[in-house]
Ligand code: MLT
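The chain below stands alone and is given in structure tokens; this is the form predicted on its own.
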Amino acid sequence: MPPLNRCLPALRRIRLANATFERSIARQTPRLPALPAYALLPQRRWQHAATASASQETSNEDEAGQPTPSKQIKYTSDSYPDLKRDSRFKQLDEADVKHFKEILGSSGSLIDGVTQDAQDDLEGYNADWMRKYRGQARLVLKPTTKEQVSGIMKYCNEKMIAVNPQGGNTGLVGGSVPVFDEVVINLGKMNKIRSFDEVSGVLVADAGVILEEADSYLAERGYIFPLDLGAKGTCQLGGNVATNAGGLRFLRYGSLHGNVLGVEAVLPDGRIFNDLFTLPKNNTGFDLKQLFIGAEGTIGIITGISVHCPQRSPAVNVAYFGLDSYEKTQQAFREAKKKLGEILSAFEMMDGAAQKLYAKANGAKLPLEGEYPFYCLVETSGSNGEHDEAKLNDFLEHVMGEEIVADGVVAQDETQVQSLWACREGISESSQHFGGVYKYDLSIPLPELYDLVPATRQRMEDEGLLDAEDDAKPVMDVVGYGHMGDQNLHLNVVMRRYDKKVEAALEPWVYEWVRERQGSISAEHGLGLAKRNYVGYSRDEEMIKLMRQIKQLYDPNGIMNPYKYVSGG
């Protein structure tokens, strides 16, 4: 225990910082009544109906709040001229559209750009939210049942029509949008909760259920979904499972590979894979559902899932700290594990550049008065408020008294909880606010986790590509943040505009750097189109060969989400 005379000034600083933070929140936003924990503000990336055309001509605002000129997204085929459309795939015609209409009947729907002009309606399904990838699909199908998906896939397989499965289209690697004219099969209309067992905590749901809506449904019953993402207001459960999303609750609840009990999917030939098991134990043969978790829609379309959901913790605390170095950040994480133990549910790291970027893009004031090289957000969740508060106070006394943490605030109500989490969750979208972003999602051993950020910044400067003030340079800044508990770094190269010189300087250099440290080039975002040629930096030749054999076994015609995942060199 630190000496009392060291602890008291530290806790006094926390109280003063809390008071300052509370005044700043009051100035920025009207005082709101406390909300339930599940009612956090959503982060919506794509609104397919009302704002579909906005994806093609997206209007930004500069730091002064003035609109900047819109820029049309280049077609992916133009950005990557080495990609060629597979000539085996059929070009859609009126007869195909008629057949799909018959399958969908009155319950389903489609957007037809084959027999009529529907470019504006199609754009939100063709382009990704980062404005980096843009396909040329002329048909979007929106089935409502697995039988409709089955009929669609059977026909596409027979006719050699390529398909692009799609959920909420919140992906970061180009996996959720077509490359050429693949038919988009959007699961948004399959959005029903099928069942929930309030004793076991097992949820069975359609693939198109939005993550935040599932979490709200569970919250009303005292449970929590084991996954949380910044895009929770838009992303869908099927897409989450198909990409094996990690997110903010991984430290506490682990991977979807462990939480998903069953999967229902439609195979490329239309057969229905029915493994919607709802019990935690099943050793009857191969656990084939695991192949669909993280397969990114390359071997089938997930139409339903069963997932084990834990009890929601009634006592939740959130603290936000400023630290003087990455070494101090590692010490804080180590002490959090010691002092907080079983109630530690999140430990997020952000560098100072990432927080400045968030504040600039959103016109926000950061919680702490001073500026620090590093920040961390700590969340605890447990069943006993007094017990958790005592453990948190012990942790605060220690890290402040030992000068591991320089300054910090603790949320006093739900409004402050939302404000603190926004400082972390808002970085991703803030990174692309000024023109674009190259995102890298990497697993790196903790001692070297942050080293890549200054190394990348130095490389951009050496190449003459980065300047914070000079608009002639394409790169504005390089920022780093991520999930400390998962050894997962998000490296964001913030762009004024996309530039192939920057991409050439980054790739494969970033992946080579990660390979030298026995890391992974994809921690949680998947492979998609962005990383299809770089799988070999994390997997050996035999592993890649086995993956391709599985793809060939399930999808011999190669119609499922082509040109992506492990299809590259």
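All residue numbers are counted from 1 along the displayed sequence. Note that the structure is predicted; figures quoted are calculated from it, not measured.
There is another form of the same protein, the form predicted in complex with the named molecule; it is not shown, and what comes next is about it.
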Which is the contacting stretch out of 135-143, 475-483, 214-222, 79-87, given heavy atoms within 4.5 Å of the named molecule in the predicted bound form? 475-483
Contact with the named molecule in the predicted bound form for Lys439, defined as at least one heavy atom pair within 4.5 Å: yes or no? yes
Is there a non-hydrogen atom of His525 within 4.5 angstroms of a non-hydrogen atom of the named molecule in the predicted bound form? yes
4.5 angstroms heavy atom contact with the named molecule in the predicted bound form for Ser428: yes
Exercise: Arg131 in contact with the named molecule in the predicted bound form, heavy atom 4.5 Å: no
Going by heavy atom distances of 4.5 angstroms or less, which of Ala205, Leu377, Leu172, Met400 would be at the interface with the named molecule in the predicted bound form? Leu172
